[in-house]
Ligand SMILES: NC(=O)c1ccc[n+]([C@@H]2O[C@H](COP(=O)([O-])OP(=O)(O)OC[C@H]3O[C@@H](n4cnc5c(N)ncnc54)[C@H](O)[C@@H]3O)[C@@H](O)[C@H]2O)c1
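Next comes just one chain, in structure tokens: the form predicted alone.
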Amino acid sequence: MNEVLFGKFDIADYGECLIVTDAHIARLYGISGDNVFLLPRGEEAKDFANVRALCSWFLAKRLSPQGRVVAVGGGSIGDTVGFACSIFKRGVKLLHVPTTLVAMTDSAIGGKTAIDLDGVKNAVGTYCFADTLVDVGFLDTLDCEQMASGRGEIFKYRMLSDRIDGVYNGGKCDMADIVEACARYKSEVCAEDPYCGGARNKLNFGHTLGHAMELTLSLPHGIAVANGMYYETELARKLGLCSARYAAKWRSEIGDNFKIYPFTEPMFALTLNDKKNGTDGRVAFALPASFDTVRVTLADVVKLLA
């Protein structure tokens, strides 16, 4: 695995690199020049057409495997640039510079890349192991919704790790400290299990149902994950994987911090395309408190969450 670094990002340090970002971030931070490529903002970036355009730009710029690309942005920028870097000339060096709370704590770490296909989130992806430079100064430019989205992922890490819950300290923590704790935790888990063969599966908690809600309701990723955790914790309780007391505690706290949307039956169909699913027609979940990957049928989920 590559390194997670913590410090300040200075665009002047990367004048010899190819830089990929979006127009919003470029305006905010004065990122411009012939070495800058602008992708669409948000989920719209995660498309084959953008990957093709980016690879064509790499080719025109004579990017070699010894060169380096710097991806400055949130999760969608990181996913798209990482995917392009993983396939261009069979892999070129990449530095992630995450600018959102979700990306700093989660998506910019661990090497997963993905783009969307035919309405299915992250349907096509590769691994691109890259260094990540976390500069919490970027958080000063985020709006309330983006910060709330990042807190959804922080809630996930709190439920996965007592140590992170301790750093959080009931919300009294310094943001830099909780970001670093989450980033280091994910880096450690991914170093142990780079290709999702075991321990890394627990990081999917909240994502099976959360991704379906994200696509259906156009929710920010972390808010959708928070909703996914709310419902998946109840699923775990009904399957006997966690106690009623545990489920009530966390569902209450999630409900106090996030708007909880109804999980409707049409959303269940989207869970069938989840990457974790096996070939047995069952839907896979990473559920508390065992965090083993549990597979239940779609009919089971509908019945249990009814």
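Numbers for residues come from their place in the sequence shown, where the first is 1. Think of the rigid core as the biggest set of C-alphas that the two forms share within 1.5 Å after superposition. Keep in mind that this is a model prediction, so the values were computed, not measured.
Not pictured, yet referred to below: the form predicted in complex with the named molecule.
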Which of 158-166, 174-182, 76-84, 228-236 lies within 4.5 Å of the named molecule in the predicted bound form, heavy atoms considered? The stretch 76-84
Can you confirm whether Glu43, Thr100 and Asn122, the three residues that make up this candidate site, all sit within 4.5 Å of the named molecule in the predicted bound form, judged by heavy atoms? yes
### Message
Against the named molecule in the predicted bound form, would Leu28 count as a contact residue? Criterion: heavy atoms within 4.5 Å.
### Response
yes
Exercise. Would Leu142 count as a contact of the named molecule in the predicted bound form, using a 4.5 angstroms cut-off between non-hydrogen atoms?
Worked result: yes
- Message: Please determine whether Phe205 contacts the named molecule in the predicted bound form, using a 4.5 Å cut-off between heavy atoms.
- Response: no
Inset, instruction - Consider Lys112 of the chain shown here, and say whether it contacts the named molecule in the predicted bound form, taking contact as heavy atoms within 4.5 Å. - result: yes
Heavy atom within 4.5 Å of the named molecule in the predicted bound form, from candidates Asn201, Ser187, Gln146, Thr216, belongs to Gln146
(message) Would Leu94 count as moving between this form and the one not shown, using a Cα shift of 2 angstroms or more after superposing the core as the test?
(response) no
- Task: Would you tell me if Cys128 moves between this form and the one not shown by 2 Å or more at its C-alpha, with the rigid core held superposed?
- Result: no
